[in-house]
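A single chain comes next, written as C-alpha cells; it is the form predicted on its own.
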Amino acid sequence: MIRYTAKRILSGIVTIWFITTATFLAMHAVPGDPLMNDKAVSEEIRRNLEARYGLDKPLSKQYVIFISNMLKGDFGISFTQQNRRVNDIIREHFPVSAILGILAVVIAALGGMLWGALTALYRNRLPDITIMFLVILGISVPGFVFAATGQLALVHLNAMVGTTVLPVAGWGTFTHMLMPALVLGLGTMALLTRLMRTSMIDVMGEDYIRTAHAKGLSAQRIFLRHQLRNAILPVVTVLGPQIAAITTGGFVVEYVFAIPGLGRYFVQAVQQLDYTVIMGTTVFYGAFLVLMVILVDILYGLIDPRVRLST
C-alpha cells in the first residue's frame, strides 16, 4: 500500500511539472504585451518594469527562476495588481471558491445518487424518462446559460414576491450561495445521475440481489445494504475529479454572480494577460486536481474490499 501510494504521488509530481511547463510555454507564446496596462511613458520605465518582473531575461532563465520559486511556494507578483503577490490572491480568494464548490458538490452528489437510484427503480417509466431528459439538458447546456437563466429567474421571483427571497448576486450570507451552488453543481449532478442509474441497473441484475430476495430480506434493507452500497462505487471513482473541477472550475458562475472567488480573478488575469496570476492559479488548480485523484484512488480501495491495490 505504501509503495503504491508513493508511485501515485511520484506520477502526480510529474503531472504537475508537465502542467507547469506547458502553462509557462503557452503564456509566453500568446501574442500581446503583459505590460500594456502599465503607463510606461518612456523606454527607461518599461525597462525597469521588465527588470522587475524578469521579462528582460532569456526564456530559459525565466523558466528556471519560475520553477525554483514555485518549489519554494512563491508564484511571484501580479503584473496588474500593484504590489500584490499571487500567493496572497490564492490565499484570500480560494476559500470563497472552495466554500461554493463544497456546497455545489454536496448538492450534486446527493441529487445525483437520489435521481440515479430513482430512475433505476422506475426504469423505462415516466419518472425515468422525465429525469433522463433533464439529465441530457444538464450535460449538454453550457454552464453560463444556466447561470444567466438562474439569475434571471431570481429577478422575476423577487419581483413577484415583492421582497428578496434570494440575492441575485454578491457574497456574504448562505442565501448568496444557494443559486450559484445549484448552477455550478447541475452538470456534475446530471453526470452522476446517469452514472448512478447505469450502475444501479447492473447491480439489480446480480445474483446476490436475487439471493437476498429469496432469503426474505426487506426491499429497504436490500436497497440500502446491497444495491446502493455497490452501485455507488463508480460514482466515487469520478467524484474526486469532479470535486476538484467544481471547486476550481466555477469561473463563469463566479463572474456572473459577482462572487469574489479565485475563478473570477483567473478570468480577469486572462483578459489582462497577467502571466504570474495565470501560471500561479493554473499550477495550483492542477496540483489540487492531482491530489484529489490520488485520494479517490486510495478511498476506492478502502470502500470496496474486493479491490486490492497492487504495485
Partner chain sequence: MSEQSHKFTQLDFAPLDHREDHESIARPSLSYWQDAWRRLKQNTRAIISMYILIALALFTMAGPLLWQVDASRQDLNQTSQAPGFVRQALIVPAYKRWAAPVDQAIPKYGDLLPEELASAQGLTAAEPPNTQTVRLIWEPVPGAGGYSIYRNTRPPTSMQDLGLPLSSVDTGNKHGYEDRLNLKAEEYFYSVVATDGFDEAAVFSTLQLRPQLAITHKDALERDLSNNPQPGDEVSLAFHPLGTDYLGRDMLARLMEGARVSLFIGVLAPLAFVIFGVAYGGFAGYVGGSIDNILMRFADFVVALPFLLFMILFKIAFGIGPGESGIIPMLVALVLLSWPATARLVRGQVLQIREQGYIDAARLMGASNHYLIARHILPNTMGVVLVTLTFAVPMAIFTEAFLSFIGMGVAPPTPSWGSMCNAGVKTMLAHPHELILPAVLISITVLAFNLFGDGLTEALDARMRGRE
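None of the values given here were measured: they were computed from a predicted structure. Numbering follows the first chain given and starts at 1.
Here the subject shifts to the form predicted together with the partner chain, a form of this protein not shown in this document.
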{"query": "Option from 99 to 107, 67 to 75, 177 to 185, 117 to 125 whose residues, in the predicted complex, bring a heavy atom within 4.5 Å of the partner chain", "finding": "117 to 125"}
{"query": "Proximity of residue 58 to the partner chain in the predicted complex, heavy atoms at 4.5 Å", "finding": "no"}
{"query": "Exercise: residue 51 in contact with the partner chain in the predicted complex, heavy atom 4.5 Å", "finding": "no"}
{"query": "4.5 Å heavy atom contact, residue 140 and the partner chain in the predicted complex", "finding": "yes"}
{"query": "Contact test in the predicted complex: residue 136 vs the partner chain, heavy atoms, 4.5 Å", "finding": "yes"}
{"query": "Sequence-ordered residues of 144 to 172 touching the partner chain in the predicted complex, heavy atom within 4.5 Å", "finding": "144, 145, 148, 151, 152, 155"}
